[in-house]
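Okay, here we've got a single chain as structure tokens, the form predicted alone, with questions on binding and movement later.
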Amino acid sequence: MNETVAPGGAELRARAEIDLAAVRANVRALRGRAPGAAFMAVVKADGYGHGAAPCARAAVEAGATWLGTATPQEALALRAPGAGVPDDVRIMCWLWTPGGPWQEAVEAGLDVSLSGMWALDEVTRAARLAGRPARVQLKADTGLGRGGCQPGDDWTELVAAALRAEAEGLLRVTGLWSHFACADEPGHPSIAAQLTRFREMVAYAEGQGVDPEVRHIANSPAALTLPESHFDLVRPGIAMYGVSPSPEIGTPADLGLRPAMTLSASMALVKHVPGGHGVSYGHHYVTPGATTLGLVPLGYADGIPRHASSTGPVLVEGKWRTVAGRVAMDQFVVDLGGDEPGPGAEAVLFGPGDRGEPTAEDWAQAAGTIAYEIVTRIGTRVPRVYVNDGNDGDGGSGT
């Protein structure tokens, strides 16, 4: 097991342990679901809270040949020498605003997504300044109603303009792509409708002369459940980190995945209190009788959802406990029912479940949200500690 060391050898107040062997195993499992497609590892939002660069490297070791980010800044950071991403791995970014770092992206060889004419104008100007063609992917809005170019006249105009710029040597159209709205809801009628629309928009572009390297629409749930959507490339995000896209699709174990993040903290205080003692702001929890309270030094400034007040589960010395009262900015309390764990005892908020601990999905249910948000929101005050760093060459994931 390889592990980072706490600064100065000090014990960590809290830690998010990231098992990179689990990331590699998840990538291999997902590649097995789409054997005919290339694999884009989506590492936006700092790798869904797990660390973009370490997870990108792990994914590449397991066979990913593309990396996906939202912002150009995220993509440029992965292309920097210190990130350790091989030069032959393609990096795509798709969330652009006017005035973005188009020239830097072109010079770095990034694949940039275009959804409208303003973006095409900016990237072609950047390509002239850079003295090299831009790699662009045209995004189609097939029904999500978010980013992407509308079908019909808008798509006709964008395709025609992209082909003119390609003929001038200013860009290369490397991809045609879209994104599902409801792939995490098996059987939703929008899924088939979006696939049909995507095929139509791709066929139109190719009929006009676009010759893309990749066509892609499959996110995590589609990669897992919709083989007809795999086309040339799949781009799993949350599933790569071992988290199920939705309970309707299955648990991580059902899907052959293993959660990579374990969030824990050292108990800061255990004390005896009498019955009728108010706990935390607003006294939304009052002890029903004499008990012991444990102070967990994590709060909403660290990404612990305040909406999980009085509901969030924590494992302490083999027993599930529940957040007592409100989650505060830096800390929360659990009622230990008279137990007296020693100073610094481990409180596990979530993990793979091997030790009976809660999972990210348990916290999502407690907070009325999705597991994506639980792992992604863990803040920078919580150190990431990487285990199993380096390609072990197996499909396992233990420490």
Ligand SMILES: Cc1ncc(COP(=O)(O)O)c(C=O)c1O
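Bear in mind that the values here come from a model prediction, so they are computed numbers and not experimental data. Just count from 1 along the sequence shown to find any residue number.
One more form of this protein should be noted, the form predicted together with the ligand, which is absent from this view; the next part is about it.
Q) What is the one choice in Ala62, Ala371, Leu336, Val42 with a heavy atom within 4.5 Å of the ligand in the model of the complex? A) It is Val42.
Q. From the list Leu110, Val123, Ile238, Val314, which entry has a heavy atom within 4.5 Å of the ligand in the model of the complex?
A. Of Leu110, Val123, Ile238, Val314, the residue with a heavy atom within 4.5 Å of the ligand in the model of the complex is Ile238.
Q: Considering the ligand in the model of the complex, find the one stretch among 155-163, 216-224, 271-279, 198-206 with heavy atoms no farther than 4.5 Å from it.
A: Every other range fails; the passing one is 216-224.
Q | Site test, Tyr48, Trp94 and Arg146 vs the ligand in the model of the complex, non-hydrogen atom cutoff 4.5 Å | A | Yes, the whole candidate spot contacts the ligand.
Q. Applying a 4.5 Å heavy atom distance criterion, does Trp177 contact the ligand in the model of the complex?
A. Trp177 belongs to the contact set for the ligand.
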